[in-house]
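Next comes just one chain, in structure tokens: the form predicted on its own.
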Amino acid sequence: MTSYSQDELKALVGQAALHYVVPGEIVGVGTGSTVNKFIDALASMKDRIAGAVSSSEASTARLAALGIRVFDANEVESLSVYIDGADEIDGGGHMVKGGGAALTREKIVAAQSRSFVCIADASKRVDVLGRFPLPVEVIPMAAQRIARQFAAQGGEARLRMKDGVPLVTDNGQHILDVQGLQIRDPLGFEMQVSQWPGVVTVGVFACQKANVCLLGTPGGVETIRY
């Protein structure tokens, strides 16, 4: 059996995702190291697509550098497909996302898309969401109160830092990373936490779950449909 490194698996699923890109249309593009492999692969067919809607400043810069036109989300009524990675994905296609701090824009572009194709390596597959610290984008003045709400549910929330100061998202907000949760009802959990005052976006993607997962495994790319 061929043995692939994690980086090679990311490249394999990035390449496989090209099959879901509709020629002549605008494609939704996510954020992260696996998506970067997809963006690089997308450059091979840039003359056959109208462009992209991106979920982060980082992805926008990478797309533009490769000569792919990037549209503002408000310019586009709907997208046929959104292609993005995940920090975790369960057996129902529910995900935890936001390790790259782009969860709010990712959820916006996912909601604009008719299909969500998740690209990930096999280490991201879990039975129950919560092993990866759950990212939650919050309005700064609410951070400590929201941390206490998670503590009441058995979670430990920590403010994400960068260079000694709180990380600031593309939207000008902060991120709490919450450990110690077991999210057995992803849809109910997402809907509950989304209502907490000060929460911008919780990194559970259940309302916008994956329709397809292209999973990089030791044997190659496995296609899972939900």
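Residues carry their position along the shown sequence, with the first being 1. No experiment lies behind these values; they were computed from the predicted model shown.
Keep in mind the form predicted in complex with ribulose-5-phosphate (5RP) is missing from the figure; the text below concerns it.
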item	value
In the model of the complex, the one of Gln182, Ser33, Gln192, Gln179 near ribulose-5-phosphate (5RP) [non-hydrogen atom within 4.5 angstroms]	Ser33
Gly155, Gly100, Gly130, Gly93 - the one with a heavy atom within 4.5 Å of ribulose-5-phosphate (5RP) in the model of the complex	Gly100
Interface segment, criterion being heavy atoms within 4.5 Å of ribulose-5-phosphate (5RP) in the model of the complex, picked from 82-90, 139-147, 67-75, 107-115	82-90
Distance check, Lys124 to ribulose-5-phosphate (5RP) in the model of the complex, heavy atom within 4.5 Å	yes
